[in-house]
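Here's a solo chain for you in structure tokens, the form predicted on its own.
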Amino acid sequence: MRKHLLAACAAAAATASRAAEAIRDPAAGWDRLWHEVIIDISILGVAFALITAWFVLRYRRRNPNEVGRAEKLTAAAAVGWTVIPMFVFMADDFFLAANGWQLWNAYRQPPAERIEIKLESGMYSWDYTYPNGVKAQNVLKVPAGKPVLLRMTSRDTIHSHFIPDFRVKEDSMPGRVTFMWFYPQKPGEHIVTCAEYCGIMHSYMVGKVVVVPEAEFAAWYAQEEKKLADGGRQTKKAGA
């Protein structure tokens, strides 16, 4: 019996370990893609700057009375000077675009093991509702080590929930439910801003994500749920 129990515990631990490994922080993927973009445009920029500098030096006027003359290019040279730069640029663009689409498609498939929170955006606040009915405004408290998915809508106009530290941003709008997810792995605080101009005082629409250890979050979650239940009972008594 004890052997079976140990085997079951080991299997559960292995499953949990595999599940943890399966979760990939989307922020790391966006950082890698941006790193590739910077490298590519730097290489292309330096290459074309050197070519331009060579042309400036090679075909510069050597005396005030010198008159330049345009040498006629052969058909092959004309095609080469047109096609080769175009091919280089387009090949790089297609490579980066393919990587971006692949990363985006992977990001749009959130992990199954997650906590889902509803978000209603409004001028000028972020209103969060947890699965147990607890509500919070502008401060989203979440546990470390667990992916968080936000189901979002808006009660007035288009807003954009942007968490720079997690490299995620998504619009929320009236009459439609959108979603975004992120993976907070260690305790800390992260700013939330609205990245879509939503009207006067748009810059005041700020909040924060507070990541706490899982045990601390569980205690806070249970405490807030109890407060909510006690408030409901008191309301019923007052109505009676």
Partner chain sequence: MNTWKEWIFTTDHKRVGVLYLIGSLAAFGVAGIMALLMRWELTSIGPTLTENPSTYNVWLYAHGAVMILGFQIPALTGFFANYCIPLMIGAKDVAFPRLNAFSVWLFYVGIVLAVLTFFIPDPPDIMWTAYPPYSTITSGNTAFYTFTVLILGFASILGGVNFLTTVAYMRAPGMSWNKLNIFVWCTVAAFVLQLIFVPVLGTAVTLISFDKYLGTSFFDPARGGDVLIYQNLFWFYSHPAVYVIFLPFIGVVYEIVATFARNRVFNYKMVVYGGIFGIVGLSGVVWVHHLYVTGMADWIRIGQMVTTLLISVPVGFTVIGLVGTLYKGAISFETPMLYALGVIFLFLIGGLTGIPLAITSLTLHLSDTYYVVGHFHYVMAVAGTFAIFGGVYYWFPKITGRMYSETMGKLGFWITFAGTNVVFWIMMDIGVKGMPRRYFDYAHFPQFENAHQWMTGGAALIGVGFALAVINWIVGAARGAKAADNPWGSQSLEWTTQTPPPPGNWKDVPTIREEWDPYAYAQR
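Each form is matched to the other, and the largest set of C-alpha atoms that superpose within 1.5 Å is called the rigid core. No experiment lies behind these values; they were computed from the predicted model shown. Positions refer to the first chain, counted from 1.
Keep in mind that the form predicted together with its partner chain is missing from the display, and what follows is about it.
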### Query
Quick one: does Y107 come within 4.5 Å of its partner chain in the predicted bound form, counting heavy atoms only?
yes
### Message
Residue-level question: is T52 within 4.5 Å of its partner chain in the predicted bound form, judged on heavy atoms?
### Response
yes
### Task
State yes or no: in the predicted bound form, is some non-hydrogen atom of V168 no more than 4.5 angstroms from a non-hydrogen atom of its partner chain?
yes
### Message
Can you work out whether M173 and its partner chain are in contact in the predicted bound form, taking contact to mean some heavy atom pair no more than 4.5 Å apart?
### Response
yes
### Message
Heavy atom within 4.5 Å of its partner chain in the predicted bound form: which residues of 79-109 meet that condition, in order?
### Response
W81, T82, P85, M86, F89, M90, D93, F94, L96, A97, G100, W101, L103, W104, Y107, R108
### Message
Following rigid core alignment, is the displacement of the A112 C-alpha between this form and the one not shown equal to or greater than 2 angstroms?
### Response
no
### Query
Superposing on the rigid core, do we see a C-alpha displacement of 2 Å or more at K186 between this form and the one not shown?
no
### Task
Please say whether, between this form and the one not shown, the C-alpha of A215 moves by 2 Å or more once the core is aligned.
no
